[in-house]
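As structure tokens, one chain now follows by itself in the form predicted on its own.
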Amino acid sequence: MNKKLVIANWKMNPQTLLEARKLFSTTKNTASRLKKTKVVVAPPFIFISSLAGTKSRLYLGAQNVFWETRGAFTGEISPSMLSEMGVQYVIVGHSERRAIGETDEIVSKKLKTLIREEIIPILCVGESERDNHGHYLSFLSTQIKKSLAGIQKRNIKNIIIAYEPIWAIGKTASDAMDSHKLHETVLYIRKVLSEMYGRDIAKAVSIIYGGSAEPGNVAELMKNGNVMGFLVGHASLDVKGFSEILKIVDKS
């Protein structure tokens, strides 16, 4: 990917279709003026079909998916259903999904299904806490390797990795990761990918950051954090703030 990428993860928000349309429309207006940045909005499933026909230089994403394309799976959504609605990106393995039981093995199955359906996966990885002995690096390595188990070389470049340290999610800019530590972590992620797929392929993978990305810190994180963009949670619901984030990223 040559362009930078910002993904809005609305989570279980907003509460009405009217609010969703207003938020989507405002985001679309800002996105249409960007030259160097792709913007993806991942609303709750229930709003996707209503927003699908209104996109203009704004890509639709989904917050989750099932690993089978059809069958008796009550309450699940297949990748082919999402594709039919114009969804081009899907978040997989978000920490909030992992917290309610989603394993690396489940994540791996979802990735394979999305690749077959030609939908771009956004693979979330990240540690719950940082220790002074570096044990979190081993955790991160294992999570990446298990999540990408069975993914072939020719497909890895189509997967976006969102590094989201769990301890920094849903807080303020002051709680986000220091840009230099982020840079070091991104280098480590590329090292793990290099061990799995080779250096050239590892360099081609887009890595973005998720974890209290706000207008006050995205410029610094872009400049010194070695990332290609952001996975934005609560801040993507703030119309003014998210528009500012997009403009800052585009100019960085």
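Residues carry their position along the shown sequence, with the first being 1. Quick caveat: nothing in here was measured; it's all calculated off a predicted structure.
What follows is about the form predicted in complex with 2-phosphoglycolic acid (PGA), which we do not show.
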query = Even though 2-phosphoglycolic acid (PGA) is not shown here, does it sit in the predicted bound form so that Glu96, Gly211 and Val232 each have a heavy atom within 4.5 Å?
reply = yes
task = Would you please decide whether Ile156 lies within 4.5 angstroms of 2-phosphoglycolic acid (PGA) in the predicted bound form, comparing each non-hydrogen atom pair?
result = no
ask   = Hey, in the predicted bound form, does Arg21 get a heavy atom within 4.5 angstroms of 2-phosphoglycolic acid (PGA)?
value = no
request  = Classify Ala168 as contacting or not contacting 2-phosphoglycolic acid (PGA) in the predicted bound form by the rule of any non-hydrogen atom within 4.5 angstroms, answering yes or no.
outcome  = yes
request  = Considering 2-phosphoglycolic acid (PGA) in the predicted bound form, find the one stretch among 136-144, 103-111, 88-96, 67-75 with heavy atoms no farther than 4.5 Å from it.
outcome  = 88-96
inquiry  = Only counting heavy atoms and a 4.5 Å limit, does any residue of 149-164 reach 2-phosphoglycolic acid (PGA) in the predicted bound form, and if so which ones?
reply    = Glu164
